[in-house]
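Before any questions on binding or motion, here is one chain by itself as structure tokens, the form predicted on its own.
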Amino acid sequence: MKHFFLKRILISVLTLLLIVLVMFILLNAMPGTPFTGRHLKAEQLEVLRRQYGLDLPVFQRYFKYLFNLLRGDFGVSYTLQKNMSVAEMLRLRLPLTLRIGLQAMLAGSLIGLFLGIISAVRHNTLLDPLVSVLSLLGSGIPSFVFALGLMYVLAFRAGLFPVLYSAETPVKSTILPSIALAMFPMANIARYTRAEMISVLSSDYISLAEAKGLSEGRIIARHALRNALIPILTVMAPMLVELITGSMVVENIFSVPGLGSLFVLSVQSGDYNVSVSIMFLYSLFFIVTMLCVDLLYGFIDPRIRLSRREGQ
């Protein structure tokens, strides 16, 4: 088991290094510099390039960035907030993005699991096609469409929530973005839960549990759901990262000062340090989440721990 995780960590580190390298190459392939469009003379541009080390070859800048990264130094912003520490910019914006993503995932997971279980247990009843239609709409309609609809109905017309993010009401301001983002995980988790639960409920050991006289609630909670959670968890893990990293459009719609909106601005302005740092964080979220999923597999199903020991 230990060797397995050490191998995963090594692969994860190499993946992060490769992602940062690709980002460096892509950003440097873009036309212009962070200072393009500021009506500076060629001499002034050259001074700025030397000041920030942009005159160095891309691979030299890459290794310099990695060396600084090991010390927790993400560099400074070139244009968005000139000479401000990127780490400080991320510190100010990251909590808000995490809050919205985690709220959306928690709400979407709980509602999706509930709908999927109800749909599977009441298979071939009226509830089943209703949940299927809801899952189809939730997974097919983009989150920004839900965001615009929620903004118009609940914020603009009903006045229940602020139309745009307000620092005076930070909790209420995150509810609509979270609901908009929660629709996709809710729909997909409901669909996967329904499919897995139907398969598990038709298995022999469930029939044996019913023959022993166990209650329906105990069979679902202790036998059916636990065995159905493995493939569901596999879907939920990358979905969580997608909510945190894929909220760029929704954040811009509600003017949320999070990482998503900062990433869009950094790419538009060519602020390389900010763009690469955010992509590094996004990649780190994904890799750490998938490592946690591997750990959870072993707790949910002890047979996974046993098979890995045997494989070693």
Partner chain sequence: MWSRFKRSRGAMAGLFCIALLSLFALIGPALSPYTYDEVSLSSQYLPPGAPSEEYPGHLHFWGTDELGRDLWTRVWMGTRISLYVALLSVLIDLTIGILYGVTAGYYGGAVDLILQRILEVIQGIPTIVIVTLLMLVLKPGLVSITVALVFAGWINLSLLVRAQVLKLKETEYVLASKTLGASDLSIIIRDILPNAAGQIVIMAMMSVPGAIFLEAYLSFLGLGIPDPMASLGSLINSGFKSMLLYPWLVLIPVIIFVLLVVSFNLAADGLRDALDVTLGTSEDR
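Residue numbers count along the first chain shown, from 1. The model shown is predicted, which means the values in this text are computed figures rather than measured ones.
One more form of this protein should be noted, the form predicted in complex with its partner chain, which is absent from this view; the next part is about it.
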- Message: I need the one stretch from 169-177, 133-141, 115-123, 195-203 whose residues put non-hydrogen atoms within 4.5 angstroms of its partner chain in the predicted bound form.
- Response: 133-141
- Task: Find out whether any non-hydrogen atom of residue 293 is located within 4.5 angstroms of its partner chain in the predicted bound form, and reply yes or no.
- Result: no
- Query: Can any non-hydrogen atom of residue 9 be found within 4.5 angstroms of its partner chain in the predicted bound form?
  - Reply: no
- Message: Can you work out whether residue 47 and its partner chain are in contact in the predicted bound form, taking contact to mean some heavy atom pair no more than 4.5 Å apart?
- Response: no
- Just to confirm, residue 232 within 4.5 Å of its partner chain in the predicted bound form by heavy atoms? no
- Can you work out whether its partner chain is within 4.5 angstroms of a heavy atom in all three of 77, 94 and 239 in the predicted bound form? no
- Residue (of 148, 106, 87, 208) lying close to its partner chain in the predicted bound form, criterion heavy atoms within 4.5 Å: 148
- Query: If we check its partner chain in the predicted bound form, which of the residues in 247-268 reach within 4.5 angstroms of it by a non-hydrogen atom?
  - Reply: 248, 249, 253, 263, 264, 267, 268
